[in-house]
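Presented below, as structure tokens, is a lone chain in the form predicted alone.
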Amino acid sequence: MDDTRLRLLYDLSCAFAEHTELHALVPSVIERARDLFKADGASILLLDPEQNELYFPYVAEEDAEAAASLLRLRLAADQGIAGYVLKSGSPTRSDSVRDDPRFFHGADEATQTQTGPLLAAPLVCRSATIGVIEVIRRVDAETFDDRDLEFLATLASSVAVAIDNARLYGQTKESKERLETTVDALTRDLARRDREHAIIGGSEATAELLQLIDTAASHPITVLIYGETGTGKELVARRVHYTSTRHDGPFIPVNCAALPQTLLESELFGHRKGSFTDAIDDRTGLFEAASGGTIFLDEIGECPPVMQAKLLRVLQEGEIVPVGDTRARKVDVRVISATNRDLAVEVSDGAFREDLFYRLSAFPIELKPLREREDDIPLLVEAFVEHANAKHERSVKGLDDGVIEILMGSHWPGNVRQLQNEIERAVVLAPQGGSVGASHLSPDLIAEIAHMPVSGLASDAPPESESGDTPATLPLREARARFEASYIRRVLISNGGNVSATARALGMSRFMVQKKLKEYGIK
């Protein structure tokens, strides 16, 4: 073995001792191997045991296009000369692959090149063959000799040990990063979680919701929760997770609308060191951090088209690709998403991918707005008073007579979240040991109530009966129903009978509008 080759082995042993990250080490190794063998190309093929395939993670080629093609290529683990070496565990030399029946011609077809002489040696560590190292020359070039093959086998032994050590280090590092990311996400999540997590309500709508949640929790199906802002979509997602078989795994919520596209991709899928300016180290994404548990993608309708395509891959293939990486990683995570948009309309308008929509909405759960389940308000108020007392060290005993009727007659555009904020404010203003009165309600709520007709909703005229007469008084629920039917009919007519346009104008889902039309017999 000449001095040049001995020097390479010495340099490599020093480098292997200093570097534990494959992407910082192996590319330089195969570049030097290509130069040393006076070869046109050198590459390392690693075994993917799950797919039983060989792939090219590291390539040194004079032809940049050929190198790019090899990086995308996969072949069955028993194909080609590499497959033979992988199976036999012995190095081999082929002076002319065109005449070698073991050669896999798909590599030349992919790279648009012609391979001539070839050397291949197995990468063996801990009694297992993890891949193959190859060097090649183009057709009609000078052949390699036995000394070349012997040296490649020696080099392969060192490279295999280095790759195995780097893999073990990488697995440990990934586990540490995943744990850190999970802890960070759960800590942030815990900081903004309310003390009360139960779904409260005695209405028929709430009973139906709880049945849907139990069904979704008992099946590993993708869930899409849709409803107006403040209806408790994240609360429902938590209930699905914590009553499912994944309840021991993490629940990680992500607000897709709160992050720009580039940061959202890095947050969800992770990134490799140096993949962008601030990527000073590798980082595990939230999909990997949620492994074994659930990731909740809130405001999924805000995802830009590029991210929609990447999310579709996760749902279809169960794998993610970190920013700056070329290799996919398998993830075991349940996806629950939520939106306040009508995604069916978004699909028809071309703003949301149809294939992703159907993947996400395998099991849809619609949350009704608070104004459509007023029977839940008394129970919610009771719970919110108790919560606010504990949070602010108060001793408010409840509500004065008539206040609950005021609350039940409000429109609540902010839904349950608005009601909770209203009660919390009122509890702080009410006297210790006393009760919440109308004077403790917010000015906005009082103004809304003051301008309401009997129906409980703003209108230019009182609700009319079907005969056209205007009754002086009606039970609140009946008056509101009459006004709602009349208003929906007018909006439907103004939109030429188009249900989707009517839904947008009313701020409701298309499904809910259709339900109301059927309920009120509107055609």
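Here the structure is a predicted model, which is why all the values come from computation and not from measurement. From 1 onward, residues are counted along the sequence shown.
Same protein, other form: the form predicted together with a small molecule, not shown, and the subject of what follows.
- In the predicted bound form, the small molecule lies within 4.5 Å of some heavy atom of Ile199.
- The small molecule is not drawn, but in the predicted bound form it has a heavy atom within 4.5 Å of Gly230.
- Within 4.5 Å of any heavy atom of the small molecule in the predicted bound form lies no heavy atom of Ala289.
- Taking non-hydrogen atoms only, Glu234 approaches the small molecule to within 4.5 angstroms in the predicted bound form.
- Looking at 379 to 387, 123 to 131, 399 to 407, 240 to 248, the stretch with residues near the small molecule in the predicted bound form, meaning non-hydrogen atoms within 4.5 angstroms, turns out to be 379 to 387.
- Checking Arg353, Arg313, Arg417, Arg102 against the small molecule in the predicted bound form, a heavy atom within 4.5 Å turns up for just one residue: Arg417.
- Taking a 4.5 Å heavy atom cutoff to the small molecule in the predicted bound form, the contact residue among Asn340, Thr284, Thr115, Thr111 is Asn340.
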